[in-house]
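First comes one chain, alone, set out as structure tokens in the form predicted on its own.
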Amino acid sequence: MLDVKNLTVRANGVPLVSDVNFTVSDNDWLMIVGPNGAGKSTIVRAISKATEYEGIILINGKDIRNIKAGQMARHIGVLNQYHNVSYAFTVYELIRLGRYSYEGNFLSAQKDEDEENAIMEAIRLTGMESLMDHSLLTLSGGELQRAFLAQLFAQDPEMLILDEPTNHLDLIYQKQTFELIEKWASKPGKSVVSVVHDLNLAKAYGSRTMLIDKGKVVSLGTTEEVLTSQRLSEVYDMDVYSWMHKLLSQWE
């Protein structure tokens, strides 16, 4: 589904990530982990065409440089950590915007049955029925994130790109968001690429993990293969396993 070859991103001539290579297949959930400044978000920004890059990024064999924005939305949906909302759209109106790539003119086109079904299914999946008519300006952080997730479900792309989507949310909203994404990713022809800081989330939900440091891939494989005590200690410059066990032991 996704094939990234020799990806390099520079800022003022300085490489932020260098020669990154990986693939993502159907029903994969690839977690991208590493210390602050390792280049995690830079990688997903390149995949979503939000930054200039060197190398090749293919989606279903097509170079993303040659894919127009409307068509790109059918391939990839992006969920960021924060949303700057300054408009009083309702939840329903926001979710409906996810269907723009299926319409000639999404601001004036009449809703057809397929569109309405996709919107209502997204609302149902995310539990937003009671908030459909609420203004986005009145929502909590967790509700707002679920609204944008519903928009992506209505968009129905082949792949979700998640950049720390729950980092600022309460535990209940973290759990809800990742469980919803896990269910979505189990459908045929779907996959997910996530940037996460929380290694517990990577272990709980990732089918595969890419560990990066200083802009380079340290390890790529199944989550169990990658998140080993030795590799994590080398990258994070601390005994991550001992620290995690110490934290968890407080709940026993």
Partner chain sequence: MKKKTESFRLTDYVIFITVMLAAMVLCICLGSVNVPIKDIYYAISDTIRGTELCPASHRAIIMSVRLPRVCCAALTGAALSICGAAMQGLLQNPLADGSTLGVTSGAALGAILSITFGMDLPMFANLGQMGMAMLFGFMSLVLILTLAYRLDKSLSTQTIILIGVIFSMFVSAIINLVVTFAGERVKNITFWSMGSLSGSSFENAGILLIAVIVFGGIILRCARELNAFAIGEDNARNIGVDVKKFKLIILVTVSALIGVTVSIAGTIGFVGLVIPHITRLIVGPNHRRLLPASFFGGSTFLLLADLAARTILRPLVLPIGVVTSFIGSIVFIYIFYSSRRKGHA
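Numbering follows the first chain given and starts at 1. Note that this is a predicted model, so its numbers are computed, not measured.
The same protein also has a form predicted together with the partner chain, omitted here; what follows describes it.
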property	result
Options 31 to 39, 196 to 204, 214 to 222, 66 to 74; stretch whose heavy atom lies within 4.5 Å of the partner chain in the predicted bound form	66 to 74
Listed residue that, although the partner chain is not shown, lies within 4.5 Å of it in the predicted bound form (heavy atoms), from 156, 143, 121, 93	93
Residue among 114, 133, 179, 170 with a heavy atom within 4.5 Å of the partner chain in the predicted bound form	133
Full three-residue contact with the partner chain in the predicted bound form, heavy atom 4.5 Å, for 174, 184 and 209	no
Non-hydrogen atom contact residue 26 with the partner chain in the predicted bound form at 4.5 angstroms	no
Partner proximity in the predicted bound form: residue 78 to the partner chain, non-hydrogen atom cutoff 4.5 Å	yes
4.5 Å heavy atom contact, residue 165 to the partner chain in the predicted bound form	no
4.5 Å heavy atom contact, residue 97 to the partner chain in the predicted bound form	yes
Heavy atom within 4.5 Å of the partner chain in the predicted bound form - qualifying residues of 47 to 61	48, 49, 50, 52
